[in-house]
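Let's start with one chain on its own, the form predicted alone, as structure tokens.
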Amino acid sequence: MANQIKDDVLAKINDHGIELIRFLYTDLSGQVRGKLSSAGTFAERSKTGIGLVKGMMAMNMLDKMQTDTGLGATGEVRLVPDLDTFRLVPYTRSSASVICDLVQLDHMGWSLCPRELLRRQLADANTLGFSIQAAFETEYMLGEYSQDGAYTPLDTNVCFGTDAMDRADAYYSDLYECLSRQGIQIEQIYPELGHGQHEISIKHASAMEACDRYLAVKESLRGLATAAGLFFTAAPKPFEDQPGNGCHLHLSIWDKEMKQNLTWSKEGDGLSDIARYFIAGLVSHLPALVSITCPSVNSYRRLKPKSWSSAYACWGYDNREAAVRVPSVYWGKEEESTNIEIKCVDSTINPHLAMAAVVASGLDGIMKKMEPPLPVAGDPADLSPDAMERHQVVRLPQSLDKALVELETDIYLMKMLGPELANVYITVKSSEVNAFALDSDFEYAQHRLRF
């Protein structure tokens, strides 16, 4: 898996005076970690990789290694950079970054590498004649620190309020420039419902690149806030009295040549049979899927009824209370803009793992030609018991431990993960359940800090 440094990468290193390159990966608790290579050794390290002890993938979000996974101080893999992910890190003095695969010493992909897992799901889609386009929408909160270290939101204005835009204007401008220098186009950015809460959406890309871009955006959001001395968090529910932060995933199914959006249809409601099958697969696996797309203890404080966060396994057209939403299309761009939104996603994810699970669930629906349940037009929490049964609406798990039980009983998703990854993931996440079981203040504080 030797890498040949591309001329454009070398040019960026030289032209921008890059001194250090971050070799990044995301662990199973959603933490972005890595090591740094000097610019002078980057070409060599790109070929050899950088060593990483296997036990690092058994770390939970509190940095506690779960040795009952069988991983610990023995054994090593290599951080091998994907040079297509090389990006400047504009909020640093002289750094760039690359996102890495976790590769075994025999040059084979490691079973615990989330990017390798996603690569396999996308290969399955390709075999069926499909490619996947996707983008994440990230919600986050900004604030200022008082002398005693307390957090004060950057604004207390209304949702979409221009006062909040004014107060965040310098940050918005810095973010636009920062992402532009990384080749990432902002689609929209605006204040959200919560105090100091904002949302950013970026242009869609292939599923793998969408995950890599999400990491670049998330790192930039935090890095710029740190440089400006601002408080930042994208935790799902950082404050009990404020709305939660989602990270909605939009995707569409295209042909392999990226010439036709197969999610769209000229007929009927504009949704193709393929899209309907995909939605059916998603909805059928949602109770287990949320253990991967909402993978923290804190996630389930956000997934509440009547909070636009998708507390029920159902789908609907432009229904923001449904876990799976089919958004309305843009005039004149009906085919291009037809997509599916998965709302029960937040920023505690490992994006590659979450995308792999979402794609696998949808492909299961396509392969089995599943028919989705009836779409829900209103708030599923308001449905009568008979209507819930008719629409096959079920409440999503209300805690991470219950979601993990659903995962363990979902034979398809467990097979998709494979025995080693499934065991380590469930063990790491179960350790977080235990760590936060008795102290909610500790839980809130740690999630605000880590995400």
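Counting begins at 1, following the sequence as shown. Note that the coordinates shown come from a computational prediction; the quantities given were computed from them, not determined experimentally.
What comes next is about the form predicted together with a small molecule, which is not displayed.
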{"property": "Contact test, all of K12, H16 and R87, partner the small molecule in the predicted complex, heavy atom 4.5 Å", "result": "no"}
{"property": "Partner contact for P153 in the predicted complex: the small molecule, 4.5 angstroms, heavy atom", "result": "no"}
{"property": "Any non-hydrogen atom of H195 within 4.5 angstroms of the small molecule in the predicted complex", "result": "no"}
{"property": "Partner proximity in the predicted complex: G246 to the small molecule, non-hydrogen atom cutoff 4.5 Å", "result": "yes"}
{"property": "Heavy atom of D364 within 4.5 Å of the small molecule in the predicted complex", "result": "no"}
{"property": "Listed range touching the small molecule, judged in the predicted complex by heavy atoms within 4.5 Å, from 170 to 178, 195 to 203, 115 to 123, 326 to 334", "result": "195 to 203"}
{"property": "Contact residue in the predicted complex, from K343, R301, R78, K218 (heavy atom within 4.5 Å of the small molecule)", "result": "K343"}
{"property": "Heavy atom within 4.5 Å of the small molecule in the predicted complex - residue from S94, S307, Q104, S272", "result": "S307"}
